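Only one chain comes next, encoded as structure tokens, the form predicted alone.
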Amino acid sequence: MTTLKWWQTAVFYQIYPRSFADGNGDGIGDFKGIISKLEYLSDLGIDAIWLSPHFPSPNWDWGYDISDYQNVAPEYGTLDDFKTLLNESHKRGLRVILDLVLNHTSDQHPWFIESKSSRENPKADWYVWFDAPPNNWQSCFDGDAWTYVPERGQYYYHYFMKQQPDLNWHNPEVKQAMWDVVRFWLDLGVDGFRLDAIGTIFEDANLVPHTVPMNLAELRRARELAKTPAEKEQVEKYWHDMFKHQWGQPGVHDLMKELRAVLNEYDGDRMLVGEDDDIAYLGDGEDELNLVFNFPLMRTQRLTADHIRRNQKERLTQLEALPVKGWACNTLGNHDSSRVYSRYGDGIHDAELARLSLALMLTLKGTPFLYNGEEIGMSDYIITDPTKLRDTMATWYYERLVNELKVGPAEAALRAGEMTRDKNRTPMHWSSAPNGGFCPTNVAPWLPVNPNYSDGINVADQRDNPTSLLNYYGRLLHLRKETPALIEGDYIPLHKTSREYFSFLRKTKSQAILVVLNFSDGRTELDFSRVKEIKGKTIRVLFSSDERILAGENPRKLRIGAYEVFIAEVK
């Protein structure tokens, strides 16, 4: 294998700390719980952990409203507990990256408390203040983007909820303070950062109003009610137009260069991955981010051969065209989106499609990111009791539906349950014990546990079942580690007009791997014998999700089963 950085060869696994493992029995996940599961992750074949925010927070946005950047939330443990987690991870060869929220703080952060206290305070200019709302901008979470503070007699700006005031990154003191935060965690030994919502850091300097003829609640409702393609297209245009002056503004690239310079002060190939899909953030390969997510791959109701093929052609062509060739980064799920099992299922073949989704992540060119619970087939859990919702965005929307848009409480509860991020953040299922083994029987978990934990959707039941999704994950993860072409090989699409199956080669100078992913319920016989890299050769099966002998196969008459994942080496 050629020399690659660790983040190019790794498989990342996102941990949502509050819902992963409860180590002290209070119904909330914590560092002690995560530490107890590190061996599980290592055995599964994971290489790196992305830890969602673990900082002290009032939890209006469950950790993304940070009140202290240089400490840990007491419900998760102590700073020493975090150090133990970091050290124990490194002992097992697991890298750890943290969520870094640059755009905003909590309104309970000491910086904001000072800033709002008076216009003369030394931190008065650390946030974005105006005497009156300068435009009609909306927060993407809870309506108006401008909130009044009587102490100053002014309004502050927030792209997210009102408890998350935006920092003023034009102030050099803000930058210095945040770079000190970065150095604090790098000094402890973290391996890098996932950068939250970097596109929102700067706003349009001219404060141009949006022209959408509705507010946020009305727009969300319009999205729900849109039926025709034209209606859906109009809603998406409105969504873009409502926020286009509030993200993607000039200045972020210079900021990312400064941040990268901070990381370059440290050894160990510390890395940055941005919550953005703009490959321009990769800079010249050395001066900005290491990775950005291939979010366009996720933006579909169904994963199809056509969609994946188009995505890969566009994405890899863009990466190839950069001054220094960029490295791809693929994901299908995270804490903000529906779970893979639900999002790409069809209600009939969900189990098979979940296996195809993982195989896609582990065989495409680039670094894969997985989300905790995918490996056991956790699905969305729609919470229809508004009193049990914890996502402030959803409770706000429920109230607007009922009180402003006059939607009946039952439908409003369902709509809020469908849009909330709570549905894909429910506690991890470790066993078939009550509460899914996440916390003790007599303790209420912070979010309701999906009751399907008792139907085999848990780690304990699947661990000893050789045909389980968990063991399928383990086999594929270890196959990837043992197959250099799946990590560093070029991507060569095959049979480019097929609508039912997606086939391609991953090829290095010394190895060629054939991958066939059948997204249909039909069996098919394929001929790869005329492919230049396969012509005159045989193929040796390395992995199949179908019942098949792992032996040689004739590339001229390769039989592929319904929803089969087929991986073979060209010999």
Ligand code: NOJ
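Computed from a predicted structure; not experimentally measured. Numbering starts at 1 and follows the sequence shown.
The same protein also exists as the form predicted together with the ligand; that form is not shown, yet it is the one meant from here on.
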Which among 378-386, 433-441, 489-497, 333-341 is in contact with the ligand in the model of the complex, heavy atoms within 4.5 angstroms?
333-341
Tell me, out of Phe528, Tyr64, Phe504, Phe543, which residue has a non-hydrogen atom within 4.5 angstroms of the ligand in the model of the complex.
Tyr64
Pick from Gln164, Gln312, Ser357, Ser89: which residue has any heavy atom within 4.5 angstroms of the ligand in the model of the complex?
Gln164
Would you say all of His104, Ala197 and Glu275 touch the ligand in the model of the complex, counting a heavy atom within 4.5 Å as a touch?
yes
Answer for Arg425 alone: is it within 4.5 Å of the ligand in the model of the complex, judged on heavy atom distances?
yes
I'd like to know whether Arg421 contacts the ligand in the model of the complex, with contact meaning heavy atoms within 4.5 angstroms.
yes
In the model of the complex, does Phe160 have a heavy atom within 4.5 Å of the ligand?
yes
Find out whether any non-hydrogen atom of Tyr156 is located within 4.5 angstroms of the ligand in the model of the complex, and reply yes or no.
no
Just to make sure I understand: among 235-267, which residues lie within 4.5 Å of the ligand in the model of the complex, judging by heavy atoms?
none
